[in-house]
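Here we start with a single chain on its own, the form predicted alone, put down as structure tokens.
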């Protein structure tokens, strides 16, 4: 069994304590790797390395940084299958979905390689003649990135690529559930980076994550995860007035209008709700369906749920693998049990399929007879569970969609552009999808409103999260100005 170490200053080093922690395969429940269990001293070493590398990296010309990032993208594709297999092995998602993460890494590094070279500043209109005002974008310094387990590689790239493209150095802490794929990726693709530019330190949140957030030499922290952890990070970061970028939880609704193609809407809702076993921040977490089509849509969605092929995530025919951990499996089961207690009707799923005697497999689950006050319509499930509630109108669907603390994404199925755009205008969410849920675009920003987060990833907005503007005024002429002292009329 391999022991994976920290990556600090382009060297592979074990935790100073000598401790490790296990990583298991959620499909088999078997431990397949050990990883260094780091603490404050390991974080300190990584931050020192990143800090020492910062000046050299920020002064590297953008064209050279571009070539290095594009080389990382190229090597990511070359070694993609090997890394994708580790993603599947440690988090349970089907191999085809793991391969999608490889594509995300490559496309993000390529995109920000070009954007970071091109977007370095601007000229604004001067306030006086013979002068010029420049706005220059500068990196902050050492950026701390804390990565979740559900998309360990894709969400790493969303943060690391723009941070590096902007001229920052990085200390990265993967999730303790899924550290192996990130470490293997760095081993195979990041040798072109100068020493200390990217550092990876493994460990648990309180032991490694908190010291990274609190470190006085880390001015920016980027995090994806739960609202609860995001709140703690905000509080810790506030002590040193750090900038934080937070992509937190979601409770994304999909609105099914009476005029939609029921078959298409059911297939889209099933994919949106059950992809990666529902462990997606923008999963379809609740359905609001117009009364007129509620029965036909519900029947169609149940049939789609029953068609989902659950099994070995390395099998090309598998649609859905296990949940990522026993903790996630138990949370899902608790939420399903509570929904039943509160009066929801379980239509399909609700537990481990009988064909599996091990692994954290959970059947695609659909509820109806939901009401607005039930917990499953208000709190993030993060599991393959889709609840359905009937609505009488678009106005009622909009009201319910806005009724939670979340504001990450929302989808609608309709052929009526007025209905679609009215909902897009009135629903408080960072992303709004019309007839095509859960789709991202590298050039468009992604992030949440309300308690779903602050800041944005992707697009030029994602680059701006890791750089700060500086105004430089140039006066062509060195001369006394009329507005200087003395103010009196007798002054010369």
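It should be emphasised that the depicted structure is a prediction, and the values quoted were computed from it without experimental measurement. Numbering follows the first chain given and starts at 1.
The next section is about a form of this same protein that is not shown, the form predicted together with a small molecule.
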Report yes if any heavy atom of residue 112 sits within 4.5 Å of a heavy atom of the small molecule in the model of the complex; otherwise report no. no
Test of understanding: in the model of the complex, would residue 204 fall inside 4.5 Å of the small molecule by heavy atoms? yes
Looking in the model of the complex, any heavy atom of residue 176 within 4.5 Å of the small molecule? yes
Do residue 226 and the small molecule come within 4.5 Å of each other in the model of the complex, heavy atoms counted? yes
Has each of 85, 88 and 161 got a heavy atom lying within 4.5 angstroms of the small molecule in the model of the complex? no
Determine which one of 262-270, 287-295, 124-132, 227-235 lies within 4.5 Å of the small molecule in the model of the complex, judging by heavy atom distances; exactly one does. 227-235
Under a 4.5 angstroms heavy atom criterion, identify the one residue in 345, 415, 243, 331 near the small molecule in the model of the complex. 331
Looking at 141, 148, 350, 80 here, can you tell me which has any non-hydrogen atom within 4.5 angstroms of the small molecule in the model of the complex? 148
